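Here we start with a single chain on its own, the form predicted alone, put down as structure tokens.
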């Protein structure tokens, strides 16, 4: 089994536990620091059936039909050419193999991720990203996602929305986490004045206010798309 854009590897590690001694997980990421962190995490969990590699999803260095399954959670939409990444996924799958792909639904459904960015737009501190730029919402349209997967030669088995909840103990905790998650937001904050950062946070907190409990904790709903696809027997590698 191959995991692409694995990050810390938690999704693949859940699968590795089910694979047992007879199966093997290849955990990959484009960032060396992520691969190193995932390797440490696997050691902590006592997983012995995992291999780690640096892999670019746009050019997977594996033979045609090399793996039984591929999983990629919140990674395909960050690739500059998602169509190419999906073709690579199809190529490395054996006939009958399956791919599980997760992407975020639209920005309007994920305030926990977009509150700061929308505040920056309102204040004129940033520009709206181009529709086809790599980013968390690049594949938010389920019809486009389906079309790209099918164009890669895979058969869509299921495509369903998955409600999620982002929870934090406080707004301050949320702010620290989103700064850590978003390089774009971190870069923006670094060039702003303290007053501008304060205005940015105030606007973001106003968006999150409906989700703040009396004790100050947050429970912000979100939405993702989960797609399961299969490689038909007749698909030839490219």
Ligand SMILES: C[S@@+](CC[C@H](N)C(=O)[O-])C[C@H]1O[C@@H](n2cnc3c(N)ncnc32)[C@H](O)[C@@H]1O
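Numbering follows the first chain given and starts at 1. Values in this document were obtained by computation on a predicted structure and should not be read as measured data.
Note that the form predicted together with this ligand isn't included here; everything after this is about it.
**Student:** Given the stretches 191-199, 55-63, 36-44, 204-212, which is the single one in contact with this ligand in the predicted complex, using a heavy atom cutoff of 4.5 Å?
**Tutor:** Stretch with heavy atoms near the partner: 55-63.
**Student:** Test of understanding: in the predicted complex, would residue 78 fall inside 4.5 Å of this ligand by heavy atoms?
**Tutor:** Looking in the predicted complex, residue contacts with this ligand include residue 78, since a heavy atom lies within 4.5 Å.
**Student:** Can you check whether residue 138 is within 4.5 Å of this ligand in the predicted complex, heavy atom basis?
**Tutor:** The answer is no: residue 138 has no heavy atom within 4.5 Å of this ligand.
**Student:** Hey, in the predicted complex, is residue 30 touching this ligand, heavy atoms inside 4.5 Å?
**Tutor:** Residue 30: yes, in contact with this ligand in the predicted complex.
**Student:** Using a 4.5 Å heavy atom cut-off, state whether residue 1 contacts this ligand in the predicted complex.
**Tutor:** Because no heavy atom of residue 1 falls inside 4.5 Å of this ligand in the predicted complex, the answer is no.
**Student:** Which listed residue (109, 98, 91, 73) meets the criterion of a heavy atom within 4.5 Å of this ligand in the predicted complex?
**Tutor:** That would be 73.
**Student:** Let me know which residues along 1-21 have a heavy atom within 4.5 Å of this ligand in the predicted complex, or say none if there are none.
**Tutor:** Heavy-atom contacts within 4.5 Å come from 3, 5, 6, 7, 11.
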